[in-house]
Structures are given as structure tokens and as C-alpha cells.
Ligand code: HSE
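The chain below stands alone, shown as C-alpha cells; this is the form predicted alone.
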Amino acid sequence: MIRIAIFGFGAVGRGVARVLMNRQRLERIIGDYRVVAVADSKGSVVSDSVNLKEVLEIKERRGKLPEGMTVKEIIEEVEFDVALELTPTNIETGEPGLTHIKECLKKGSHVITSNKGPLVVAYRELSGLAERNGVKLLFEATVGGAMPVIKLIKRDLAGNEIESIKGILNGTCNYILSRMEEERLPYEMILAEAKELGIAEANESYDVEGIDSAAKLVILANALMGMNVSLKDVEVLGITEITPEAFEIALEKGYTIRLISEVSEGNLKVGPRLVSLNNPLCVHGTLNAVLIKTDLAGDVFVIGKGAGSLETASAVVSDLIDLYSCR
């Protein structure tokens, strides 16, 4: 019996809950499981077997969970095997997710997270804590949504030296730039459209100024290339100054413009770059794409949907299956 606790019940948490409700999909792979706790910032539901359908209905109806145990109290008092830490990202302090993850690892529980903040702030500390306590810290959902980058490099490209990782790591920026390319409309107009469609947040700065891409780059550098870097080590430039005229000039010469994140030895950069129209990184819409350069396998290219709630939920469940399918 696998006991699961869910911390964070926003769009991603609810998406994961809906997947977990499909027991026929998962039980044949990981065996019997139960959710024993669900918590958001306002309340929680704790039970030997939480009825996820009822909890989802409460959240939809009230916008929050009933008053109950805090996450801290759940970690201290409730027995669970794996925590799904899905609270919002804070890349400055990593909190509250950083504390949640630390306490779960100290307790001897596995952690699966979609939260970039704790990994940006304290990856080495958290990975060391997991190792010392004999548990796993999995975080496929922090980079690229459903696009399998972390497990691909850690598992399928094991034995390769990763020479560089370069790609498009933010679907919002890619949507804006590819629409500017197609329509030659001003940045502000496409941004407003992206907000109406729900592709961009009300406060878009985290995405369009390149901060989100830089955070993901730090995770890739530390977790997959053995570096010890932080956000201040990344040279970052966003897309807010890109004009339709820039696309006119680029396209005349067979190029377009994309926000490219790149990490190699001594080099971490996020910024608008010219990309050849026949380059595999010339993807459109909200797609993410990554080109991985290795010493043995050569170039490996991955493409997939970025971090929408369902895509992120897919990556969380993938980590859950990875954790328990080989028991």
C-alpha cells in the first residue's frame, strides 16, 4: 500500500488528483495506493483514504479546502510514503516548499515536486538530504512540463558526458515570439492576447523577463551537469524589447527569433537569439524544445508541450510511476 500526501491544490494539484482518481490506469503499474492527506494554503483533508472526488468538488465550490491540519502538522503527525509538493514557486526563498521538502526527506518520505523554487535555492542540500535518508527526490515536472528531459538525461543517457543543453524552456515566451513572427504584430498586442487565452499570467514578468527560463536552467545545470550555480550566475535578457521589425530583418535572412536558454562549461545564458528556420529549435506556439549535446550519443533533441497544468501533472505522475513501478 502506497500512502500519498498532496501539498498544494492549485491547478497542478487538482490535475494530479484527477489522474489519481483513475485507479485502473495506475494500479496495474504501481499497485494499491491511497491518498491520506490533501492540503492547500487555507486548509486540508486528512483521512485513511481521502475521497478525491469530494475534495475536488469542495475546492471548486469554495475555492479552498476546509480548515484542518497545516502542512507542518501533517508532516509531523500523518504517516505517508511519498509527498507530492506542488505549492507555488518562490525562487527567492524557495518557501514554503523548501521547508516542506526538507521535513519530508528528514522524515524518510520520498518527495516528488513541481516546485522550482526549492531546487533553485538549495538543490545540493536537498539531494544530499535525500541520499542520507535513503529516499528519492524527483522533479521532472520542474522543467519543460510533459517534455521528458531530466529522466532522459539521468537514465537513458547515463554514461554520457553532457557537454551542453540548449533550448526553449518557456511556453509563454515561445507563443508570443512565434505569433509575432507570423503576424508581425507588436509585443504588447500579442501579450494581451496570450493573457486572454490564459497562456500568460496576469503578472507576466516572471516569464517574459526570462526569470522562469533562468530558474529551469539552474536546475538543469546543477542536477544534470554537476554544477553548483544559482540564479545570479545566469546572464538573463527577456523578450520585452523585441519588435516586429526585428522579425522582418531576421526572416529576410532565413532566421527567426526565439528565447534560448543555454548551459555549457562556464556559460549560462538566457536571451533572444537568432534561430535558423530549419533548426529543430524553431518550434511554434507553446511548445518547448531542448537540444542535448553529449560525448557518446551525439545530439539528442526533445520536443513537447510546456508547463500547462495537465502537462505538469503528467510529469508528476510519471515520477510516481518511476518511483514505484520497479518495486
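Predicted, not measured: the structure shown is a model, and the values here were computed from it. From 1 onward, residues are counted along the sequence shown. Take the two forms, superpose them, and find the largest set of C-alpha atoms that agree within 1.5 Å; that set is the rigid core.
There is also a form predicted together with the ligand; it is not shown, and the following applies to it.
Inset, instruction - Go through M227, A130, A250, A200 and name the one with a heavy atom inside 4.5 Å of the ligand in the model of the complex. - result: The residue from M227, A130, A250, A200 that makes the contact is A200.
Inset, instruction - Look up in the model of the complex whether T172 has a non-hydrogen atom within 4.5 angstroms of the ligand, and give yes or no. - result: Heavy-atom contact with the ligand at 4.5 Å: present for T172.
Inset, instruction - Please check if E85 has a heavy atom lying within 4.5 Å of any heavy atom of the ligand in the model of the complex. - result: So E85 does not count as contacting the ligand.
Inset, instruction - Tell me, yes or no, whether E140 is in contact with the ligand in the model of the complex, where a contact means a heavy atom of each within 4.5 Å. - result: No, E140 stays farther than 4.5 Å from the ligand in the model of the complex.
Inset, instruction - Look up in the model of the complex whether K216 has a non-hydrogen atom within 4.5 angstroms of the ligand, and give yes or no. - result: Taking the distances in the model of the complex, the answer for K216 is yes, it comes within 4.5 Å of the ligand.
Inset, instruction - Spot the stretch among 95-103, 180-188, 71-79, 208-216 with residues whose non-hydrogen atoms come within 4.5 Å of the ligand in the model of the complex. - result: Comparing against the ligand in the model of the complex, the contact stretch is 208-216.
Inset, instruction - Determine the residues of 103-117 with a heavy atom within 4.5 Å of the ligand in the model of the complex and present them in sequence order; the list may be empty. - result: The stretch touches the partner through K116 alone.
Legend entry - After fitting the core, L224 CA displacement of 2 Å or more between the shown form and the other one: No, shifts by less than 2 Å.
Inset, instruction - Would you say whether V82 is displaced between the shown form and the other one, judging by a C-alpha shift of 2 Å or more on the superposed rigid core? - result: No.
Inset, instruction - Determine whether the C-alpha of L191 shifts by 2 Å or more between the shown form and the other one once the rigid core is superposed. - result: After core superposition, the displacement of the L191 C-alpha between the shown form and the other one reaches the 2 Å mark, so yes.
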